[in-house]
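One chain follows as structure tokens, the form predicted alone.
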């Protein structure tokens, strides 16, 4: 049961957004820029970063919805999402993404945990300053989004079909256009 009176029937972050639309817009805009707009990291990679951080933060709604968006982007490689959630170092993903996930995990623990060694390893594997920046910002933003969702004790259904539909919507339309479910 939510800690405050949130609109019923809206899962996860959607209920907080509906409760306070004036804060929803900048939060949606940030997610759209970070996860959907053009970038040298493909949308699937950025969604995997969001999914990994959300998994580490134990935020079911966020890791399920962003995992579904990553799955929608990956298509036939959908098993990659579970690999990243459980042991990204063994996942069938590029070394550069693994290095960026190390950084994302350090941010999830606390910003001061990001080490020069991790940044240098990411650079050695081809990460640009923009990719390192965006990884840090995605990880930091998802710590905020995760805490927002869980801190309000929002309703987080466990219907895989709902998350698959939400993931398709997010992959196709991004974050500025609510689907009614996301």
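Numbering follows the first chain given and starts at 1. Note that the structure is predicted; figures quoted are calculated from it, not measured.
Omitted here: the form predicted in complex with another copy of the chain. The next part is about that form.
Against another copy of the chain in the model of the complex, the set 29, 132 and 150 is in full contact: each member has a heavy atom within 4.5 Å. Heavy atoms of residue 158 never reach within 4.5 Å of another copy of the chain in the model of the complex, leaving it off the interface. Using a 4.5 angstroms threshold between heavy atoms, residue 126 stays clear of another copy of the chain in the model of the complex. Proximity of residue 112 to another copy of the chain in the model of the complex falls within the 4.5 Å heavy atom cutoff. In the model of the complex, another copy of the chain stays beyond 4.5 Å of every heavy atom belonging to residue 71. Scanning 11 to 43 for heavy atoms within 4.5 Å of another copy of the chain in the model of the complex gives 16, 19, 20, 22, 23, 26, 27, 29, 30, 33, 34, 39 in sequence order.
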